[in-house]
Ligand SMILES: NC(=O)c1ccc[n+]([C@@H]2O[C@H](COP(=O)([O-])OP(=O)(O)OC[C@H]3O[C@@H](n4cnc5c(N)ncnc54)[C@H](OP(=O)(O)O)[C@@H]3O)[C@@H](O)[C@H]2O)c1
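The chain below stands alone, shown as structure tokens; this is the form predicted on its own.
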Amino acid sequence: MAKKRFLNKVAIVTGSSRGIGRAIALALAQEGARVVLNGRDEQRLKEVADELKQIEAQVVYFRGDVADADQAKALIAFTIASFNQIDILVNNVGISSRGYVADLHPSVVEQVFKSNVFGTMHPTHYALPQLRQSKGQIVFISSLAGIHGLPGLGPYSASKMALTAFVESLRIEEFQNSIHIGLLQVAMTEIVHNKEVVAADGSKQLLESRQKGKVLTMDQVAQDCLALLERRKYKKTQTLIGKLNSILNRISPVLVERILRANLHKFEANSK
């Protein structure tokens, strides 16, 4: 029987009441980790916790919005009280938005940055002292939108680019403390039922399921996250298109812009 890759490691997964976060939490539990779930919907958190307990995982959950500094601090304190250590932090929490910049209500940018940037920075800040002790790991769940800004996704793209800069700074600062810091740039993934984004007017908008074209499963994203952790690797960019985009953007961002303009109709179709 193969040895479990994360046996007895304590892993926090933010935004794990559904979707990619749930898939990552499940994958970690299957590999022996003790998991701390986090989200704002207690019923969903309880359902995921029950699911993990069925595979005899050690799991607890903390309901709270980690975009709030006090609640992020409380999540870390709750983890220490529950398991007395932190080995892994997966910063997965986040939301997306739809709409051209000219049409956006100012609250849209605030909502996206609060969730995607503050919701990542706050848990990281409060977890660092424990991760220094364990020589632990942080993985940031980002997006291909963090490589080059995408039409209709301005605030989302900007927030993911902000995460890249944060990761780069953190890797330099924490190198002496032997903390592994990784970045997973996720490609287009299947949409969980009733997933919401922020519409141009600041209201919530339900996304249609993605059935056209090639989309990744949430389990594929989870396995790539675990591979980053296991190998203590810096960056993983999903799909061949994503990798080509990353390379081409370093060589000629203007050319990438022209390609995106030529395919603007595809982005408009996917924004619904």
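Because the structure is a prediction, the values reported are computed rather than measured. For every residue, the number given is its place in the sequence shown, counted from 1.
As for the form predicted in complex with the named molecule, it is not shown, yet the points below apply to it.
Taken together, Gln58, Thr79 and Gln137 are entirely out of contact with the named molecule in the predicted bound form: none brings a heavy atom within 4.5 Å. None of Leu170, Leu128, Ala200, Ala187 but one reaches within 4.5 angstroms of the named molecule in the predicted bound form through a heavy atom, and that residue is Ala187.
The partner is absent here, but in the predicted bound form a heavy atom of Ile191, alone among Ile191, Leu104, Ala162, Met121, sits within 4.5 Å of the named molecule. Heavy atoms within 4.5 Å of the named molecule in the predicted bound form are found in one stretch of 27-35, 225-233, 240-248, 41-49, which is 41-49.
Although the partner is absent from this view, Pro155 stays clear of the named molecule in the predicted bound form, with no non-hydrogen atom inside 4.5 angstroms. Within 4.5 Å of any heavy atom of the named molecule in the predicted bound form lies no heavy atom of Lys9. Val93 belongs to the set of residues with a heavy atom inside 4.5 Å of the named molecule in the predicted bound form.
At a distance threshold of 4.5 angstroms between non-hydrogen atoms, Arg132 is out of contact with the named molecule in the predicted bound form. If you take 137-167 and check each residue for a heavy atom within 4.5 Å of the named molecule in the predicted bound form, you get Ile141, Ser142, Ser143, Tyr156, Lys160, in sequence order.
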